[in-house]
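In the form predicted alone, a lone chain appears below as structure tokens.
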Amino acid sequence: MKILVLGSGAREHALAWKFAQSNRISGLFIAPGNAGTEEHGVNLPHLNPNDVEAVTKACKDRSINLVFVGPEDPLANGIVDALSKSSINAIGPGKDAAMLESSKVFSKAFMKSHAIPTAGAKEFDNAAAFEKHINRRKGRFVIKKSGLAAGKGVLESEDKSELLEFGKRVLETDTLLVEDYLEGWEVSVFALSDGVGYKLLPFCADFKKAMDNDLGLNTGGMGAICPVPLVSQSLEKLIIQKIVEPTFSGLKKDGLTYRGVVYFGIMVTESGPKLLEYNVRFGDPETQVLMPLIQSDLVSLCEAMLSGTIDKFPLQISTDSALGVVVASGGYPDEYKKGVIVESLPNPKVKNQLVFHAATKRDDQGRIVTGGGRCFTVVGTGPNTLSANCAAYKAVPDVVFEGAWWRHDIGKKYFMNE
């Protein structure tokens, strides 16, 4: 079987790493890929994942049997619909179902329609009405850009001037939601859907804030753990009952076919779990801590999703824990440099340590250079979160490039719960 992974991030490197372990593949391609994915397959550096026609042609030219779509943009652009018309199998929802992520307004309406617990929200497409609403309310609120924003379309604040400035900037090009601020702790839940049934993966938690102790600006994610020690069996059952099951019954009721990954971003509050958002693909950095714990063959798992047999699939998950630390470029999540030479990386042969590249490239001298804000995810594994933390942080300082930085407390707040 020949497989194409679309994307260039650490998520796609983790997927390529996992696919490469299968003895069922005869070819693995990554488009555009990065300096890490080239170790596992053939990069197609000039193939744009958002160019539907070019991706379809590449699949036909190389006799690709399966496309795994990593990022959200191609899904929102309808790449799965186009590939399906050419009889090319793809993991991911069609354009209609992808609106669960590509439109916050659509997803909020879906939640309300199917009685899924979530934060109260009000939609705005007019600056004057938005300003009036903010000025007459007190407290902390969350503003969300309706469309895709690469993890940077959200602001939490109680500063009215900050809220107004952010919201008016969003309204220049998009609609927005003003949501009630929820107190609690977050958990990331991923379900693999075959259009009828689903299989849940171990729960994850990511760390979105830039600075230690969950302070600073929002980012695409500065680290993640899997599983989450705070998640009890009773909480897991409640999340399935209140959020996961109503979502899948809602998809069926609304006629939205879904063969792919559903992400549930959940806030666990004093009054129970509430859904913050959907994503329609694997998360980053959660994928980097999920893939090392999946013991089943990823090709076989994808086939079960495509054939409608996910319920019967004997999914095998390691009892270990995994913890990932993102090494970012100086200045991220604000302005940052690209093309910085990477001077060193951890020894790839060390047990319980993995390094996943994000948007790295090789320059004309063959040196690895950075290509994004979040440059690497260093993953440690072990029998519990603490040991996984130790393994990851032992390797992190070996990622050396000018301006490199990372959080120092990934997973720390969960140690006491193990």
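A residue's number is simply how far along the shown sequence it sits, counting from 1. Note that the structure is a prediction, hence the values are computed from the model and not measured.
Another form exists, predicted together with a small molecule; not displayed. Remarks below refer to it.
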Task: in the model of the complex, the residue from 81, 180, 131, 245 that sits within 4.5 Å of the small molecule by heavy atoms - done: 180
Open item on the list: Just to confirm, with a 4.5 Å cut-off on non-hydrogen atoms, which of 156, 73, 303, 123 contacts the small molecule in the model of the complex?
Closed with: 156
Task: 4.5 angstroms heavy atom contact with the small molecule in the model of the complex for residue 315 - done: no
TODO: Spell out, yes or no, whether the shortest heavy atom distance between residue 148 and the small molecule in the model of the complex is within 4.5 Å.
DONE: no
- [ ] Verify the contact flag for residue 218: yes if a non-hydrogen atom of it lies within 4.5 Å of a non-hydrogen atom of the small molecule in the model of the complex, no if not.
- [x] yes
Task: is_contact(residue 277, the small molecule) in the model of the complex, heavy atom dist at most 4.5 Å - done: yes
Task: Contact stretch among 83-91, 139-147, 230-238, 305-313 - heavy atom within 4.5 Å of the small molecule in the model of the complex - done: 139-147
